[in-house]
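One chain comes next, on its own, written as structure tokens: the form predicted on its own.
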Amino acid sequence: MRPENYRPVSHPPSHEYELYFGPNHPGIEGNYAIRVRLKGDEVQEAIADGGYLHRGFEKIMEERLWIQNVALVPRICVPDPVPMEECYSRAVEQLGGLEVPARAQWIRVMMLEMSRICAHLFTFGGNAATIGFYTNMFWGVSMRDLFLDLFEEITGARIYHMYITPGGVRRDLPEGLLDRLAALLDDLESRLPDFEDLFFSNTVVINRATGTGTISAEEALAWGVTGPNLRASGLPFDVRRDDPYLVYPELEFEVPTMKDGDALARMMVRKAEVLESIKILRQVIARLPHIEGPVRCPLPNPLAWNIPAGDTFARVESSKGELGFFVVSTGGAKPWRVHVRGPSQMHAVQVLERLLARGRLEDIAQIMFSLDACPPEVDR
């Protein structure tokens, strides 16, 4: 029998609470954090909290000589540094009226597409690790390392290449490099079925990613989404095709799109882009030996190089999305103003906050990796 003073325990309603996701967390891309307000496992509000990485790039660039910034810009996005070099160099070339030799343009395309493959392999690993598929992560990172070996052979550096400079590239390719690149592409293609079986067609992956972090086409346009994230929502815009630069008009490639706009669609667009980058690189390998000439145009003494007054905006298609540099010159030896319009600023803040507010605790890491943001570029 129950005692006379028995009173049933009344459980309080579920309370909201705050949780810090990051900055040192395996489910975060780099040193980044998200302050999340939860009710149970459901996210009520998410606030991006950056600032844990190197900052102030744009103001530092305004205090350095034009040529010195070549060493700084790759650090704005560590996983995909080559588009930073290309975009800054193109802005300087537009201001200075520099014409890049044909051979240098083909080499630049090669570097850009190699960097795109590396960045996507890195992202596949991150997506896989968020749901426990660490084997796929190890495969992606190890394959990326083989591309870094070639970068090191070409530039002397594995990550920050400082190879694309205003007017061309620093030096020509080492002998036999194109043959080694062709062999590596064959190796990558031979491994793609393993990635497919383990990860992309895995029922667990498909169930977890389908409907997670969905962005409609209308939302993508309203929020300023670009790159693979935009194309995953069904909008086939690619700067390489729609505002072409270098020798991209001479190359054959498709712009992969999906229509669902969720984490799975974003991942599948990037998988298709790896195949397109392989196709582009094979065309470069076939054409480049027949293109002779210098790899950079003559430049004045870089320590006394005054760029004519003016302003310009250059943009490229990075693996993360549309990247732009707005540069202003007053005719001196340094830029007067520099502004970077990077895709990660939008994807890792405004878009991420909106998508997380619709999701659950276990979806936070997967949504962030599916957007493929780059925290250094946010903190720039």
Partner chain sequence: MTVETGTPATIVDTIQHEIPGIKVTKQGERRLRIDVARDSLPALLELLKGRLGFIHLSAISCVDWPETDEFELVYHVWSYERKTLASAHITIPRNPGRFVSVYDIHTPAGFYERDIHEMFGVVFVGAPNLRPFILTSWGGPPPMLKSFNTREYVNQTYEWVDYQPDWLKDVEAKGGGVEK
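Positions refer to the first chain, counted from 1. In this text, all values refer to a predicted model and were calculated from it rather than measured experimentally.
In what follows, reference is made to the form predicted in complex with its partner chain, a form of this protein that is not presented.
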Legend entry - The unique member of 226, 123, 115, 89 whose heavy atoms fall within 4.5 Å of its partner chain in the model of the complex: 226
Legend entry - Contact label in the model of the complex: residue 222 to its partner chain, heavy atom within 4.5 Å: yes
Inset, instruction - Determine whether any heavy atom of residue 189 comes within 4.5 Å of a heavy atom of its partner chain in the model of the complex, and answer yes or no. - result: no
Legend entry - is_contact(residue 41, its partner chain) in the model of the complex, heavy atom dist at most 4.5 Å: no
Inset, instruction - Examine residue 51 and determine whether its closest non-hydrogen atom to its partner chain in the model of the complex is within 4.5 angstroms. - result: yes
Legend entry - One stretch from 104-112, 177-185, 239-247, 278-286 that, in the model of the complex, holds residues within 4.5 Å of its partner chain by heavy atom: 239-247
Legend entry - Three-residue site 339, 350 and 378 fully in contact with its partner chain in the model of the complex at 4.5 Å by heavy atom: yes
Legend entry - Within 4.5 Å of its partner chain in the model of the complex: residues from 52-67 (heavy atom criterion): 54, 58, 59, 62, 63
